[in-house]
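One chain comes next, on its own, written as structure tokens: the form predicted alone.
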């Protein structure tokens, strides 16, 4: 089957969450006298992401959107790092850092080329409003917002992928999952998706380059969205 749609992981694949969250945290907290390692602060927030979603996936709590999980994790992180005295409004504002993430340098050009030929959809654990705000700020040209809130299931649960293909009215093999994370791609492949690995070596900062999968692990393995567009003839 020919590929009709590209479904994208977003955090780390399309946008640079670490640098963006570090910037936003510094902008709000530094004027209040806090001197933290801002990259480490972003890492500390992000590391709570998977365990929080896992509780939902295991049925230990009802489904809640990622904004809510992020805020709960932020409150824990602030206490851990000794940051006190923030109002609820200030915590809410810092939580919106995830709505203001910057795209990787190749993202806009690459997505524009890919959109000429394919449907572009998010397949992210981010909730709809988060994805919309990020897209409007950064100029990300999605045709449709899909993912956890739509499926009521977080990746890598099968329903997250199944729902995306179903809503696009496509067979899974007509969908290409694009991600910088091998585990996400492996889960998509199990549901019948084609797969494209895009290297993002700086996702976790220059001191922790991301490990690359072995050649041939996925259908496409590229260095950028522009290279992916070339590989797909877009």
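Numbering follows the first chain given and starts at 1. Nothing here was measured: the structure is a model prediction, and the numbers come from that model.
As for the form predicted in complex with another copy of the chain, it is not shown, yet the points below apply to it.
Student: Under a 4.5 Å heavy atom criterion, is residue 133 part of the interface with another copy of the chain in the predicted bound form?
Tutor: Residue 133 belongs to the contact set for another copy of the chain.
Student: Would you classify residue 76 as touching another copy of the chain in the predicted bound form, given a 4.5 Å non-hydrogen atom cut-off?
Tutor: Heavy-atom contact with another copy of the chain at 4.5 Å: absent for residue 76.
Student: Do residue 153 and another copy of the chain share at least one heavy atom pair within 4.5 Å in the predicted bound form?
Tutor: Residue 153: no contact with another copy of the chain in the predicted bound form.
Student: Indicate whether residue 138 is a 4.5 Å heavy atom neighbour of another copy of the chain in the predicted bound form.
Tutor: No, residue 138 stays farther than 4.5 Å from another copy of the chain in the predicted bound form.
Student: So which of 50, 167, 35, 27 reaches within 4.5 angstroms of another copy of the chain in the predicted bound form, heavy atom to heavy atom?
Tutor: Result of the distance check: 167.
Student: Check each of 119, 108, 83, 91 and return the one that places a heavy atom within 4.5 angstroms of another copy of the chain in the predicted bound form.
Tutor: Filtering the options by heavy-atom distance leaves 119.
Student: If we take heavy atoms and a 4.5 Å cut-off, which stretch out of 65-73, 176-184, 189-197, 40-48 is in contact with another copy of the chain in the predicted bound form?
Tutor: Of the stretches listed, the one contacting the partner is 65-73.
Student: Are all three of 203, 208 and 222 close to another copy of the chain in the predicted bound form, meaning a heavy atom of each within 4.5 Å?
Tutor: None of them does, since no heavy atom lies within 4.5 Å of the partner.
Student: Determine the residues of 197-227 with a heavy atom within 4.5 Å of another copy of the chain in the predicted bound form and present them in sequence order; the list may be empty.
Tutor: Heavy-atom contacts to another copy of the chain in the predicted bound form: nothing from 197-227.
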